[in-house]
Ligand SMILES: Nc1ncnc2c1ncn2[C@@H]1O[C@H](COP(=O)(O)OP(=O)(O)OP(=O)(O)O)[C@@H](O)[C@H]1O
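One chain comes next, on its own, written out as structure tokens in the form predicted on its own.
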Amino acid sequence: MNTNNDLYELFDDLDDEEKLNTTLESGKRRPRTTGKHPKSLSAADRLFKHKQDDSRTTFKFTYKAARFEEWWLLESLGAFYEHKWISDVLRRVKGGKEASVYQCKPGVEVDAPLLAAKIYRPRSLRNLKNDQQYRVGRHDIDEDGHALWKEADINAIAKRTSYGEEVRHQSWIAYEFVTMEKFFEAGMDVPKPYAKEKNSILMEFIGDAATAAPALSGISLDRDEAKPLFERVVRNIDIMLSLDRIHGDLSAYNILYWQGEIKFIDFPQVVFPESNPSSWGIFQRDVTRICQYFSAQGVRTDARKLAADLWTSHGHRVFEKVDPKYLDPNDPNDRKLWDQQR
């Protein structure tokens, strides 16, 4: 049995977001299928049948998951349970086409009121859309955050085989976790990361038992808190640059707001300024999105000046792309500029 293919089939069947949300939030389980040839069973039933003797099925949780989702949670969070990082899954707080986030009760090994488990969906393994611009200039890494060195892994990624896509997917998730660790240690406003498994990241839950922190994009700020929060966001962007990192997809949609505080989230696409030729443009986009939000909250901003000031303060050079027709291929300086722009 090809578990990955069955899992893809299952999520393909339920890829319509409205259908998925209705199924999950209603808490209904798919009926058991009996008396059928194994190949005629649904993907959910085949997966459950394949995994029903897994020892992790002793992990029972409060959240009323649909049958296929129950299997996926056991598969994704079972190791966290076994290592006593979590003791229960309480509810799903965010669903998406790439990942879902669940509120969890901590286990005895974690001193925290609540935890958040981010679980990547298998569809993202096949289709990490628009990710190539972020991967330029950074090595693929393994689950422990070390650069891949096995020739088989590197060749599989280059050939885009199914195994290579899985390795690439693991690298994508690993970058998010190691980046969170680096940022948290540097004092950035990010949820505290605790652990990572194959397709899951366990981190501090932002919110309380009843409410998950909303994204800043859904909050209208009072004038007296808008400017200090803007300055706080800029400080975090500055820390990222000091660590030779750019968020890469920053906006008010991936900054959480809770009781006057902010937390940056979503880092798999992190960009390295010095090694990615598109880094200046990506950084400008990050800063512009932030300025657009805070301008709407009454804060006076100048996105272009702010981006340039932050960028140059860390030793990076601001340059505009030049049309190739204006470049002299025999001029070493023009050739260097062209290499930088490619």
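On a predicted model such as this, the values are computed, not experimentally measured, just so you know. Start at 1 and count along the sequence shown; that's the residue number.
Heads up, the form predicted in complex with the named molecule isn't pictured, but that's what we're talking about next.
- In the predicted complex, none of the heavy atoms of residue 221 sits within 4.5 Å of a heavy atom of the named molecule.
- Using a 4.5 angstroms threshold between heavy atoms, residue 191 counts as touching the named molecule in the predicted complex.
- When the named molecule is considered in the predicted complex, residue 205 lines it closely, a heavy atom lying within 4.5 Å.
- In the predicted complex, the named molecule sits within 4.5 Å of a heavy atom of residue 254.
- Residue heavy atoms within 4.5 Å of the named molecule in the predicted complex occur in exactly one stretch of 234 to 242, 67 to 75, 264 to 272, 80 to 88, and that stretch is 264 to 272.
- Though the named molecule is absent from this view, in the predicted complex it lies within 4.5 Å of a heavy atom of just one residue from 98, 143, 225, 185, which is 98.
- Contact annotation: of the candidates 110, 229, 93, 178, the single residue with a non-hydrogen atom within 4.5 angstroms of the named molecule in the predicted complex is 93.
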